[in-house]
Ligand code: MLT
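Coming up is one lone chain in structure tokens, specifically the form predicted on its own.
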Amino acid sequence: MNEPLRANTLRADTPGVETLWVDTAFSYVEVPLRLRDTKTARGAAPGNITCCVIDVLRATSTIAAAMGNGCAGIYPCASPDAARELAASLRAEHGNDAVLLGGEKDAKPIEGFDGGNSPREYTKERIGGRRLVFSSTNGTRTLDAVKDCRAIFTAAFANITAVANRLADELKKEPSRALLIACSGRQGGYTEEDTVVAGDIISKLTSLIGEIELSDTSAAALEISKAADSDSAAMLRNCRWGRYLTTLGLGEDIEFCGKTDWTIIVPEMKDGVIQGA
């Protein structure tokens, strides 16, 4: 039998209780539905909603690594063509050497890009002081889907505790007290790895904030995270997308993405640019 919800965690239909509302999207295509659900549950429009975006394999892990290594700003783009156009504009303004163009399509490098979507390649020597225009198959599309939210952060195992603490701080001072956890998923579908990170964040928030209201998807994410392998790297190796990345020779990326709490960087997107704090 599944472990019951914690005593200080309420279901979404608990009447007469003003607590933190937490909804979870399992993929970027589900984000509009979850934004509507939050509006129904709390009367909160996107501009009142705090959002946390997750794409642990690999976009939000790469974002954490690049920001931690001194990137001057990450410019997420929903498509490679949009990234090429923005990179050209930024290079005209700041110089060619000041801007890198990175990303992937279906986990593979994009022709003409300077780099891919590996958190290991954006070292201090390569990314420090530079801007990164970045496009990925799922993560940057999720960031585009939530761009109208009040505050937008990105999370991975790399910074999960720091992000949970920052979310708690933000939500304690936010009147609407509404959080959307946006898992990027895989081409519109569910992925285990993003859901586990979402559930871990929900669990941490129950300790940091107290009583919270969970949508059905958030309750499911919490239960999935409890049942997951406690070895994050092992879970990533065994999930479907992790197995696919292994066939592409990206096993070292999986191990890197499975490292927990190695940075306190909390990437935040404002006006389309991600900065670290």
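Heads up: residue numbers just count along the shown sequence, starting at 1. What you see is a predicted model, and the numbers here were worked out from it, not measured in a lab.
What comes next is about the form predicted in complex with this ligand, which is not displayed.
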R186 versus this ligand, in the model of the complex: is there a non-hydrogen atom within 4.5 Å? yes
Can you tell me whether E104 touches this ligand? I mean in the model of the complex, with a 4.5 angstroms heavy atom cut-off. yes
Quick check on L245: any heavy atom within 4.5 Å of this ligand in the model of the complex? yes
Going by a heavy atom distance of 4.5 Å, is N117 a contact of this ligand in the model of the complex? yes
Contact assignment for this ligand in the model of the complex, among A66, A59, C51, L236, heavy atom within 4.5 Å: A59
For the interface check, one of 172-180, 84-92, 199-207, 131-139 should have non-hydrogen atoms within 4.5 Å of this ligand in the model of the complex; which one? 131-139
